[in-house]
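Below, in structure tokens: the form predicted on its own, a single chain.
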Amino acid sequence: MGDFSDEEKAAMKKAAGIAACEFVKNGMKVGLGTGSTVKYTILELGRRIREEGLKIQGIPTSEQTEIISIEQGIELVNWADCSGLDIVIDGADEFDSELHLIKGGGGALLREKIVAESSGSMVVVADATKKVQTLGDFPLPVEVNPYGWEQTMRRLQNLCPGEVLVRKNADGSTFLTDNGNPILDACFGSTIDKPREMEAVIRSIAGVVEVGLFVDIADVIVLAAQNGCEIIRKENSRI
């Protein structure tokens, strides 16, 4: 977020996370995203439940989000008892003028996409540094099956002009998602000007579980700024 202090960054994230809650109404089933900004959304929803009597049900996109949601008193449901959601609130690593996204920096892209595609609308909380002209400067996360991931990586590398790296933990071990899968981070640079086509090509590679391109899913961006939050709404927004 530019040259802002850590305190200023946290304040902007908090403001965006809280502002996104305005889209949540009583009785909704809500997809609960993952990340530092969405954390404030979950905290605000918990406050509204305790202080305002808000009644919602939620499905989390990660184990981390599940823990926070339970702590905040949000009633959670599972997919066996829920055929769809009214709304999902989540973050993004990049978004373009068409509100196409790159997600997966937090390692939850498969669950995030399942939740997003099952939701009647999607609200994204982000800061101005995430807005780009062309997607791809942020390395594209690709979740892959553990079997033969090295071969999947080679095929992905044939498509990618930059390096493809297997994501690592701080101790050097291979990062695994909550689903037990590795993530490959593909360094395309700002070249993904046709995200819909790129998503289809990558998903056609055997071993690819999911791609961190979220195309034609987001309806609204709640953009954090020092002087308040800007609401960017897609022309055919569902909300």
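Only a predicted model underlies this, so the values are computations on that prediction, with no experimental measurement involved. Numbering starts at 1 and runs along the sequence shown.
If you look for the form predicted together with a small molecule, you will not find it shown, but the lines that follow are about it.
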Review point. Looking at 32-40, 185-193, 52-60, 202-210, which lies within 4.5 angstroms of the small molecule in the predicted complex, counting heavy atoms?
Key: 32-40
Exercise for review: Indicate whether the small molecule has at least one heavy atom within 4.5 Å of a heavy atom of Gly107 in the predicted complex.
Suggested key: yes
Review point. According to a 4.5 angstroms non-hydrogen atom cut-off, is Ala92 in contact with the small molecule in the predicted complex?
Key: yes
